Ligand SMILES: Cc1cc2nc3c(=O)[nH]c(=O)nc-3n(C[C@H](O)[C@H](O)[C@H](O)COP(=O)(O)OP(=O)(O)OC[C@H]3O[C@@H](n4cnc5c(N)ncnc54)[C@H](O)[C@@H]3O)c2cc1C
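Just the one chain here, the form predicted alone, laid out as structure tokens.
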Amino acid sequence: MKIAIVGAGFTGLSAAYVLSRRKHQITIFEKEATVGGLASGFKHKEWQWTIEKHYHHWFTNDSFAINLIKELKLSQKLFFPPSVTSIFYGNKIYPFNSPNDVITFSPLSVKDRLRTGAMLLYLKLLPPSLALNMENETASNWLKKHFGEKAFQILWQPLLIGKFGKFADQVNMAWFWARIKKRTPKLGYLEGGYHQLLERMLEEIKAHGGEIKFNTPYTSDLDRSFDKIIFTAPSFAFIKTYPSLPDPYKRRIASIPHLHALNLLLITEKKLLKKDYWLNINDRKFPFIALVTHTNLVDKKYYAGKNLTWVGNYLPPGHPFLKMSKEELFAIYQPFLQKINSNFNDKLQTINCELFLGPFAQPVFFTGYAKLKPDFRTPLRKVILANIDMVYPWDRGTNYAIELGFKAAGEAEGFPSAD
């Protein structure tokens, strides 16, 4: 078959990888100048490795990504170094990486710490078949009820509000369960950056006769040239590409709100965070939700000895930060960065910063989301949809983007996947 794939992120490339190896004629359409989508990378000329425009890592249970890396003979480049996840609360950093960290988390009473530890273990052990029943209850209600009011206010409410804003009280508990279930103590990365895997996939696709058209948005008039189309771009773009879709279908997929990822990458001589890789900001007076220090996971020698730290945010369309330059945004963030590290002003000399916007990066998973979740099959006979709205209850991530691409390939060949 002649198959068009719209988008060269991990979902599109994974579908193309499978289908090209099965002798289908594949053409990938990518509106940007490079592969990767939200996982695309860049590098300064003095760096040895690329880094992603938006922070990424793998968990040790990310089987689809890990198996693909092995299949493409890149497994020797995959490594899982020690990493520290922490919480910033009450102007202090608390490690939150292990059961012992939970038990010694002093902002909570001993009783609340024990209750929190027990509930985290319960969520970790709860199987998906039971956890999916949680989708009809909001995370806010469930967490408040089972963790207790104090733990909810300190641990979970600031993160829900920070990530989802006005939608915080509408996000369902199945999504939250998946965040706890998925996390592993060790986090992984690929030598050279994710770009190594993306480029290797593209090489394999081309070796099997596939082609890619960069800087080329897909338009519906191209449908007649293909037997199947796999559309991996956001639902918003799908509706825009196919305005003649039936109104009920358009209303259904358009009713899923999305937040934009806005990440400011700080490039500094000295460390902003001493040892923490991931620091959740549990103080909603702060204008960002997390600091992610890449060079506390990966040696800074690959980046000319500089320290790389993302200042992470998820923002609704129309938020004023989305229109700001990196200098304007840094000026807003700087006083808050100084609260985390008082030496930031005079000793951490910022060499540079980069600003990256990832539109439609985070779907909002309401209660009853399963009724809204798009299907591979669409009202258009030849067109298959496979995008980030469909990885639920799991959160966005390259592992599930790869799985989605594999399933979309099966749909294109007439082998419906079992969701």
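Numbering starts at 1 and runs along the sequence shown. As the structure is a computational prediction, the values presented were derived from the model and not from experiment.
There is another form of this protein, the form predicted in complex with the named molecule, and it is not shown here; the text below is about that form.
Per the 4.5 Å heavy atom criterion, the named molecule in the predicted complex is contacted by stretch 258 to 266, the sole one of 88 to 96, 258 to 266, 317 to 325, 122 to 130. Interface residue among L385, I388, I51, L68, judged by heavy atoms within 4.5 Å of the named molecule in the predicted complex: I388. For the candidate set C353, A370, L380, A361, a heavy atom within 4.5 Å of the named molecule in the predicted complex is found for exactly one residue, namely A361. Site residues G37, W58 and A237 are all in contact with the named molecule in the predicted complex, judged by any heavy atom within 4.5 Å.
Put simply, T216 is close to the named molecule in the predicted complex: some heavy atom of it is within 4.5 Å. Residue contact check for K43: none of its heavy atoms lie within 4.5 Å of the named molecule in the predicted complex.
Interface membership of L19, defined by any non-hydrogen atom within 4.5 Å of the named molecule in the predicted complex, is ruled out. Within this chain, F29 lines the site of the named molecule in the predicted complex, having a heavy atom no more than 4.5 Å away. Residues of 380 to 401 placing a heavy atom within 4.5 Å of the named molecule in the predicted complex, in sequence order: I388, R396, G397, T398, N399, A401.
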